[in-house]
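For reference, the chain that follows is the form predicted on its own, supplied as structure tokens.
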């Protein structure tokens, strides 16, 4: 099972418009540290699933038939804006998403080839060669994480959350993902009102999953800048995701 990060950034991306911090200044000349909106492509056998659609060139990257389905975590614009171009196309594409009566702008009103199916909390589905379970997350809109299994490999993709509901944490502890991709937008001690984890909170959560590879995503420019000055701050078994990076998730006997 392969997970390729198309984007790993928070809503503003890196570089952040108008910001002159060290990391944003560097990102304007060094593409390796740029971050597009958080989304990824999952490939398992012949099954290809797009998780969120924050990048704007979804229609160019994925011609008709290239994807089996899209998994939407929630309907904030930076996670679905790439779907808007597809509404005027032809054919059909399944899109699985949380129950959200508002959605985002006209995606519900004029979906075109997008075929929306709403998933309930802890609902399990078989999509091609993979099994997915939708788990609830705490965010400012109805939000789901996705627990994905293929040939014994287990990957949890938990974007955009400020905490895990007790039932989700209990499920994950039973399920024990081999790889856990987790929202980590802020450096330690971020004091503004927020709907995302900071680094201290992700480190604390990682204690529940000592055997899991922890991959941090949905990263804001302040966290990148903070870590640039503290290259040894991440504990063993935890790393940052970067745009264009591919993870290989293999089940452990």
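Numbering follows the first chain given and starts at 1. It should be emphasised that the depicted structure is a prediction, and the values quoted were computed from it without experimental measurement.
Here the subject shifts to the form predicted in complex with a further copy of the same chain, a form of this protein not shown in this document.
Next on the checklist: What I'd like checked is whether 132, 203 and 245 together line a further copy of the same chain in the predicted bound form, meaning each has a non-hydrogen atom within 4.5 Å of it.
Outcome noted: Answer is no for this spot.
Checklist entry - Heavy atom within 4.5 Å of a further copy of the same chain in the predicted bound form: which of 97, 93, 172, 158? => result Of the listed residues, the single hit is 93.
Checklist entry - Taking a further copy of the same chain in the predicted bound form as the reference, which of 142, 165, 128, 113 has a non-hydrogen atom within 4.5 Å? => result After the contact test, the surviving option is 113.
Checklist entry - 178 to 186, 146 to 154, 118 to 126, 76 to 84: which one contacts a further copy of the same chain in the predicted bound form at 4.5 Å, heavy atom to heavy atom? => result Going through the listed ranges, the match is 76 to 84.
Item to check | Contact flag, residue 136 vs a further copy of the same chain in the predicted bound form, heavy atom cut 4.5 Å | outcome: No, residue 136 sits far enough from a further copy of the same chain in the predicted bound form that none of its heavy atoms falls within 4.5 Å.
Checklist entry - Closest heavy atom of residue 211 to a further copy of the same chain in the predicted bound form, within 4.5 Å or not? => result Because no heavy atom of residue 211 falls inside 4.5 Å of a further copy of the same chain in the predicted bound form, the answer is no.
Checklist entry - Is residue 231 one of the residues lying within 4.5 Å of a further copy of the same chain in the predicted bound form, judged by heavy atom distances? => result So residue 231 does not count as contacting a further copy of the same chain.
Checklist entry - With the partner left out of view, is residue 226 within 4.5 angstroms of a further copy of the same chain in the predicted bound form by any non-hydrogen atom? => result Residue-level check for residue 226: no, no contact with a further copy of the same chain.
Checklist entry - Which residues in 34 to 60 have a heavy atom within 4.5 Å of a further copy of the same chain in the predicted bound form? => result 34, 37, 56, 59, 60 sit within 4.5 Å of the partner.
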